[in-house]
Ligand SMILES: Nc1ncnc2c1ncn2[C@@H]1O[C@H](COP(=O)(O)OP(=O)(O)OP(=O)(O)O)[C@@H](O)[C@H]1O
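There is one chain below, alone, in structure tokens, taken in the form predicted on its own.
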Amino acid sequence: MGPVIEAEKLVKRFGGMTAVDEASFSVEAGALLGVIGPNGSGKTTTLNILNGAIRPDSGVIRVNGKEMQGKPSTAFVEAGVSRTFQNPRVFTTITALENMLVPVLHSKGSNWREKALDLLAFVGLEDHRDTPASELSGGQQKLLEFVRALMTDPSVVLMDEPFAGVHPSVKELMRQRILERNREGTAFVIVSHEIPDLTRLCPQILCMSSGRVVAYGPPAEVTSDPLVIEAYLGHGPSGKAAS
């Protein structure tokens, strides 16, 4: 099995600012990759490129061997990519169960409701299936968005700050369920500022600074890398202040 995602020299500029600066890396099938870096280092922009939410100015993205740059986000979903966000993007006026069915509204098959109920139970939300998403706590909304991302059986799930601002019990449940799904073969790319949690969860860590990949490898190796330490002290890999 080859990489599920390959990124080659991705560049994204916003006006005069380069948010992603020739970033290259790969995500192997079944990987559990953590992404760290100071604010403004390009982490979320990179996720947005990897799920087709924004288009890179240059560079190549392959998902399961298919070149994807320039294609709409729906094509990325069809290719096997799903995504969660730092602030959960649930549909607040419909129920948890109805939220689960949104990604498969136009898909063939008759067992989607059963699958949705199983996934809600996977994260302890089975009793909230008829609860409007607006009435769920922030942590419950994150859990709902997580399992909704699994409805399409993705080969990789991109997660932006899944542990931020949630109760420790929700954080631990999320961690356990990520591990369980990963053991079944789903790859994860997880952006987080909660470095101790991330290094405990992920066997591989990627660090970005000033839009560039400055380190990639086992947690102990990455967190002790001088370029990573420098990035968190406020300087990019070339000595320029990190934005």
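A residue's number is simply how far along the shown sequence it sits, counting from 1. Bear in mind that the values here come from a model prediction, so they are computed numbers and not experimental data.
The form predicted in complex with this ligand is left out here; the points below concern that form.
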Q. Is there any non-hydrogen atom of G59 lying within 4.5 Å of this ligand in the model of the complex?
A. no
Q.
I'd like to know if L10 sits close to this ligand in the model of the complex, meaning any non-hydrogen atom pair within 4.5 angstroms.
A. no
(Q) When the contact criterion is heavy atoms within 4.5 Å, does G34 count as touching this ligand in the model of the complex? (A) no
(Q) Is T45 part of the interface with this ligand in the model of the complex - any heavy atom within 4.5 Å? (A) yes
Q: May I ask you to choose, among S155, Q86, T152, T95, the residue with a heavy atom within 4.5 Å of this ligand in the model of the complex?
A: Q86
(Q) Tell me which stretch of 34-42, 170-178, 212-220, 194-202 has a heavy atom within 4.5 angstroms of this ligand in the model of the complex. (A) 34-42
Q | Stretch 8-37: residues contacting this ligand in the model of the complex, 4.5 Å heavy atom cut-off | A | F14, M17, A19
